[in-house]
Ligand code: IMP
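In structure tokens, the next block holds one chain alone, the form predicted alone.
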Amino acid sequence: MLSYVTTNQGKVREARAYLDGVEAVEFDYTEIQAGELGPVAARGAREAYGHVEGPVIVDDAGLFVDALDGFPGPYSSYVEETVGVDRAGELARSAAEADGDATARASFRCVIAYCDGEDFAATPEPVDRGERRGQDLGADERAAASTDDTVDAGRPRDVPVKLFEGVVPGRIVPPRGEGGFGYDPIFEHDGTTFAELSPAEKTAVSHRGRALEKFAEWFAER
């Protein structure tokens, strides 16, 4: 069984379009603060693997607005919870207008992180081997890591994690559509917001779907 660590059933539906035998697992892993999606997903996958003790995938995704230098990016969930999707869209469009970007260009990005406790053969997809753990851990954890093979209740310290990224370009628009979740109503791709797409249509073009497709192709040979 492949465990997808999420409570979002929309994500699970997307995953099952590409993967057989994937099951949702609830686990509150640590979401570190980082300027990129990869380290966040990799840390979560290591911690989730230590909890599940089997193959896991964790994803991190975000909305990257060109006029805001990629913000909110990895902080998209925080902005959604504190500012709200509609207000975030207004701010993004205002920034784009001030920047001379009439189309309010943006992209959705997703990184799927996979961990099963084993190493990986060389492929085009990057492997996080824990070299950035000094950024991810607090001072006490770093001290423990120097003398122990695990930190924080058994979380693997240096277990390699495979990363798969999906990106879809688009633009920020006033909210449209009743489907999807998160920023879907304000993100338009090829003339349609993600919230206006059916689940199957969204999966076919979404950032998460593109990352899952890459992962599923690789995982079939694992």
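Every value quoted in this text rests on a predicted model; they were computed, and no experiment measured them. Counting begins at 1, following the sequence as shown.
The same protein has a further form, the form predicted in complex with ligand IMP, not shown here; the description that follows concerns it.
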query: Residue 31: touches ligand IMP in the model of the complex, heavy atom cutoff 4.5 angstroms; finding: yes
query: is_contact(residue 80, ligand IMP) in the model of the complex, heavy atom dist at most 4.5 Å; finding: yes
query: 4.5 angstroms heavy atom contact with ligand IMP in the model of the complex for residue 60; finding: yes
query: Contact test in the model of the complex: residue 184 vs ligand IMP, heavy atoms, 4.5 Å; finding: yes
query: Heavy atom contacts to ligand IMP in the model of the complex at 4.5 Å, residues of 204 to 222 in sequence order; finding: 207, 208
